[in-house]
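Taking the form predicted alone, here's one chain by itself in structure tokens.
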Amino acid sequence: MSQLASLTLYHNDEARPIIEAIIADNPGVRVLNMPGAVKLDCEGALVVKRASVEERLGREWDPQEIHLVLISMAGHLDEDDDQFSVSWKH
């Protein structure tokens, strides 16, 4: 049985391009819209790719910027210059 990796982000203008990138880059992601927030769940891992977010924003984006719109997460965090991910893999 695999666990769900999860990110919950504010549902605002700053988070929308990130949410769109997550949905595009993570097949099978489940999206739960709540008042003021969006919860994204995926079996095993969720990845936020810098290039995908930059494409939607039209500017450079540092994966550290996700912390400005991040409410909660479930999984082990791994981040570098190109991506931010949560997973249950070791």
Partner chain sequence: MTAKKLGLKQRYAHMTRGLDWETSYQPIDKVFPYDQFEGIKIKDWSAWEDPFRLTMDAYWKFQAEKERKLYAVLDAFAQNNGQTGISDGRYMNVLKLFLTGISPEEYQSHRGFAFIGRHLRGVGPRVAAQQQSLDELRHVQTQIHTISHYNKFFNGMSEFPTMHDRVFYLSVPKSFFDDARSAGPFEYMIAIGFAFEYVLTNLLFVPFMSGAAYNGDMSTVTFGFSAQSDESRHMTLGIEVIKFLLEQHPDNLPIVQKWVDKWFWRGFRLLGLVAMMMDYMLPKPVMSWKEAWEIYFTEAGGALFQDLARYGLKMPKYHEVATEAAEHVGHQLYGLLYQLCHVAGLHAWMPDAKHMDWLSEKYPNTFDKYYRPRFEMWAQMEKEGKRFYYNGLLQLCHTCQLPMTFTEPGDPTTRCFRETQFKGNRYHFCSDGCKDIFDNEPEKYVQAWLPIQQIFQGNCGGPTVPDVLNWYQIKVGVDNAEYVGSEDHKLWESWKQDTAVSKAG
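These numbers were taken from a predicted model, which means no experiment stands behind them. Numbering follows the first chain given and starts at 1.
In what follows, reference is made to the form predicted in complex with its partner chain, a form of this protein that is not presented.
So, in the predicted complex, is residue 36 in contact with its partner chain at a 4.5 angstroms heavy atom limit?
Answer yes; at least one heavy atom of residue 36 falls within 4.5 Å of its partner chain in the predicted complex.
May I ask you to state whether residue 78 is within 4.5 Å of its partner chain in the predicted complex, using heavy atom distances?
Because a heavy atom of residue 78 falls inside 4.5 Å of its partner chain in the predicted complex, the answer is yes.
Could you tell me if residue 54 has a non-hydrogen atom within 4.5 Å of its partner chain in the predicted complex?
It does not: once its partner chain is placed as it appears in the predicted complex, residue 54 has no heavy atom within 4.5 Å of it.
Is residue 25 one of the residues lying within 4.5 Å of its partner chain in the predicted complex, judged by heavy atom distances?
Residue 25: no contact with its partner chain in the predicted complex.
Heavy atoms within 4.5 Å of its partner chain in the predicted complex is the criterion; list the residues of 67-88 that meet it.
Counting only heavy atoms within 4.5 Å of its partner chain in the predicted complex, the contacting residues of 67-88 are 67, 68, 70, 71, 72, 73, 74, 75, 76, 77, 78, 79, 80, 81, 84, 88.
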